[in-house]
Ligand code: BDR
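Here you get one chain, nothing else, as structure tokens; it is the form predicted alone.
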């Protein structure tokens, strides 16, 4: 069983990933940290608490940075995830509150307490992770590994022609992370665009798990409508769930090891590019995936939910 913390900006596919982790018998979820991206950081914190409460989990949530390391803040992706992050589902205040520590300090402490065991899965911009690296030189060495949902080597971008959204929203932070020497797996658009969830799939999820699966089915209606507006009628990509699945089932992904740098300026800002050999440690970049196996695992785990 892996010990996992998800750094998240919930977000509809974040909700899918968190509910997957809650259901998976091979994952021990230790907590969530929150970041801007799909929504503002305070809304991300509220949504993270709300998802844990829906799943019946009493776990810590640590609120993270409210803006990028160097760039001015971006507007949230409300056209993709809705104003409150969960599509057409209205805002709802959770009973719980976040812990007093900020996300970077929480991550540093948890990595020390679970040295060599903790898997960190960031599925939003990488600001919290970069701050943890800057504050504690031993942070990445204390982790077992880090699995990032973000980037693209050959696929092109989804927010600009060159950049994937999580990397684009804080390229400076992403470059800090890729340069830090962590045991790093990049689950980017090269594979997540191959794993699709259709309207019929969400109907099946809702039928099998009426409470939590029904919540995901309700969220998906907004998400699928967005995909249709950009000409994709065959479903939505399982971006964030794929990264969480890669934490426990790396054998479902084919990787190439190479050093990665991030463009931080100009029209290519946010692009993940191959760096000069020897200039930094190698990242395991996912370039192929057993898409049907990943999707089947996702569906099977969600069927375990209430």
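Numbering follows the first chain given and starts at 1. Computed from a predicted structure; not experimentally measured.
Keep in mind that the form predicted in complex with ligand BDR is not shown, yet the notes after this line are about it.
Exactly one of the stretches 158 to 166, 172 to 180, 97 to 105, 133 to 141 approaches ligand BDR in the predicted complex with heavy atoms within 4.5 Å, and it is 158 to 166. Of the heavy atoms in residue 38, some are within 4.5 Å of ligand BDR in the predicted complex. Using a 4.5 Å cutoff between non-hydrogen atoms, residue 191 does not count as a contact of ligand BDR in the predicted complex. The closest heavy atom approach of residue 46 to ligand BDR in the predicted complex falls outside 4.5 Å. The closest heavy atom approach of residue 149 to ligand BDR in the predicted complex falls within 4.5 Å.
Along 115 to 134, a single residue, 123, places a heavy atom within 4.5 Å of ligand BDR in the predicted complex.
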